[in-house]
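There is one chain below, alone, in structure tokens, taken in the form predicted on its own.
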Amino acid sequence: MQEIQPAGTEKARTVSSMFGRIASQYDRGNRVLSLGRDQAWRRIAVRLLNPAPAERVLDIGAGTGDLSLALAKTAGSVVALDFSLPMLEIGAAKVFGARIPVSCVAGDALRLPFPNESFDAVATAFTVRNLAGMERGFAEIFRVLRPGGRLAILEFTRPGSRLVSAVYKPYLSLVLPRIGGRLTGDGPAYRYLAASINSFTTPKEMGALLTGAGFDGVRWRLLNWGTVAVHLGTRPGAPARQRGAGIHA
């Protein structure tokens, strides 16, 4: 795979370098810091997206492949895309070992290397928060989705409950960087993680961004006491096979 230079700002280069440094310990860190819940969150996102056996699904920011593996259990095929080659190489090894229909592609979420209307569904987990421009990323997702195509975004969010926030903020600022740093040897990466969550959008704000990007039926489901959300949306228009059926009728 060829090295990918992410589009845009210093943030994109910083994020790419950071994920490359922690790639070998990324899965371990996820399991410990989420208390083993991160895989369950991915399964919920897949269930809400509901990919069908005939559908082609894109996993943006696929990283080490956990979401792609979950998608492949029901989708016809999955394309796993990431701009961090160390992360993608770990994901490719998982996919090869599992012998399932997943192909790995090195690429940038802000310049997706696919033609218009290439996918029936798009999923992404813990990625949009790291994009140099969310609006541009949503525009690219909209472009590669077929009419009637569906989107699921799994991401951390700021809890609406004051009680949960009172516990969650100290965990983010004090506990998470310390444990993440010990697990991976890269404290700055987990200080970035905490800061990026603290400054991220609320579920309502994310929903407004998706609606502004042209998605219909935007809604979300809160998980883990409101600290994680799955946002869903649909590109307007009926799938091509449904439009064709209507014409022939």
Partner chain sequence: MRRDLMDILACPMCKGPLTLTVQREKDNDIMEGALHCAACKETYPIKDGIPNLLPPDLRNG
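Just so we're clear, the structure is a prediction, and the values are computed from it rather than from any experiment. Numbering follows the first chain given and starts at 1.
We do not show the form predicted together with the partner chain, though everything after this point is about it.
- Although the partner is absent here, residue 138 lies well away from the partner chain in the predicted complex, with no heavy atom inside 4.5 Å.
- Although the partner is absent from this view, residue 12 contacts the partner chain in the predicted complex, with a non-hydrogen atom inside 4.5 angstroms.
- In the predicted complex, the partner chain sits within 4.5 Å of a heavy atom of residue 111.
- Put simply, residue 127 is far from the partner chain in the predicted complex: not one heavy atom of it is within 4.5 Å.
- Contact with the partner chain in the predicted complex, judged by any heavy atom within 4.5 Å, is made by just one of 92, 72, 176, 134: 92.
- Among 147, 101, 160, 170, the residue placing a heavy atom within 4.5 Å of the partner chain in the predicted complex is 101.
- When contacts are defined as a non-hydrogen atom within 4.5 Å, all of 83, 106 and 143 contact the partner chain in the predicted complex.
- Interface residues of 113 to 131, taken as those with a heavy atom within 4.5 Å of the partner chain in the predicted complex (partner not displayed): 113, 114, 115, 118, 119, in sequence order.
- By 3 Å or more, the C-alpha separation between residue 99 and residue 73 shrinks in the predicted complex relative to the form shown here.
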